[in-house]
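The chain that follows stands alone, in the form predicted on its own, written as structure tokens.
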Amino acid sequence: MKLSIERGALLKAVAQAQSVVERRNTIPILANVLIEAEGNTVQFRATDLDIEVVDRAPAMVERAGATTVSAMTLNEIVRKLPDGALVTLADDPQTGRLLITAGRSQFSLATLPREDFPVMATSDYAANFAVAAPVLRRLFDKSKFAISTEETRYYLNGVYMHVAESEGAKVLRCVATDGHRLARIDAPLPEGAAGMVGVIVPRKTVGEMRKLLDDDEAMIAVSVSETKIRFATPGVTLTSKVIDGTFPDYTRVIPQGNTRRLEVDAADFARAVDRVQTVSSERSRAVKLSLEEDRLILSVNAPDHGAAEEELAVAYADERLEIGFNAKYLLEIASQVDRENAVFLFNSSGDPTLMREGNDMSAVYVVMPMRV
């Protein structure tokens, strides 16, 4: 194998691939990236056995072939090469080494046989559809903060992507919860998605897939089966196993009868919460919301640290209410709001609170209160 490739294209492809590789590996081949050169493209394939990413880049291929080399080392070398450099990759079967040449720099890396590299089995996908990158980005960006990190409840360690019904129309919905807060985000159902089975997309996959969504013009081809999900752009294909578990019935958690309505400027609210939580204890991070007509008082009282209070002018016309929350949860939910105003719907100080962006029902958040 011998090929030449521009440093920028090589770095982009290798960086995407190596991020999937686990830092600590008991299987040496999993630390490697599989380089396959043919025609006028080269592809870089990396896997941790649960996720596989294939990144394609244009190259001048002098001799077709394939080899595997340490993903981390290759990424570090390419990262440190000068911008605009032309990089030559050539494998030497006699020495079992990959030679990397750029200008006056030369590196020789150990390789492992390409036959040892595990390629993820292809799956029969029940549903295939295309989604615009900004739509997919919104679905996952607004829900991923609520993914649970608790290993024992593994079925909550991802985003539940499924077809649901909202206001009489079918929607593509993403839901995440950790038992303390919940995010439910809807988008119009893409053509071809109606037969999709509900799948739980793992946290790591959500992070890796997010890198494909920065181009606003891109259309992402999504394929879903009961065991796998695949996201593809012309240059990158990401395939992942889905979490084998049943996502709980989240609809039971979303309160229906909350009538006390608070409307507040989302940015002002977030900044005020951030200021008063400075003196909260690291363990509880509790902040109290005291509501009365058109007035919200945020307060923290931590005997070991101190106390803080801030008042905001808000739209609130219901009876007086005092309710406590974890400041971190409030900040994370408030940071999701794209519109100017956040609307909170309360029932009592012991019941879950609903939050949405103005009158938009396509993004709904639930947060559990805490005693303060």
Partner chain sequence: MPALCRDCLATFDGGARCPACRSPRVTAHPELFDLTIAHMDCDAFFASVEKRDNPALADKPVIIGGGQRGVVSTACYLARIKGVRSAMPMFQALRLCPEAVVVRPRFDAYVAASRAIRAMMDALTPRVEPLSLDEAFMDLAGTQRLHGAPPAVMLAGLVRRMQRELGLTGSIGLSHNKFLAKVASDLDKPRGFSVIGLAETEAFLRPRPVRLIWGIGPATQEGLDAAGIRTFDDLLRWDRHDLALRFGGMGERLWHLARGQDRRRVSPNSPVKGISNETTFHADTADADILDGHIWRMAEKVSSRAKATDKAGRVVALKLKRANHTLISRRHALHQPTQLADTIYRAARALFDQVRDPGPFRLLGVGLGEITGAGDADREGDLLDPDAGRRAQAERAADAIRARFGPDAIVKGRSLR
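Note that this is a predicted model, so its numbers are computed, not measured. Residue numbers count along the first chain shown, from 1.
There is another form of this protein, the form predicted in complex with the partner chain, and it is not shown here; the text below is about that form.
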Interface membership of N326, the partner chain in the predicted complex, 4.5 Å heavy atom rule: yes
Non-hydrogen atom contact V253 with the partner chain in the predicted complex at 4.5 angstroms: yes
G358 within 4.5 Å of the partner chain in the predicted complex, heavy atoms: no
R114 within 4.5 Å of the partner chain in the predicted complex, heavy atoms: no
Per-stretch contact check against the partner chain in the predicted complex, the hit in 67-75, 166-174, 148-156, 199-207 (non-hydrogen atom, 4.5 angstroms): 148-156
Heavy atom within 4.5 Å of the partner chain in the predicted complex - the one residue of P134, P248, P118, G96 that qualifies: P248
Heavy atom within 4.5 Å of the partner chain in the predicted complex - the one residue of R138, R230, K144, R181 that qualifies: R181
Non-hydrogen atom within 4.5 Å of the partner chain in the predicted complex for each of K211, G235 and V236: no
Interface residues of 60-98 toward the partner chain, as seen in the predicted complex [heavy atoms, 4.5 Å]: none
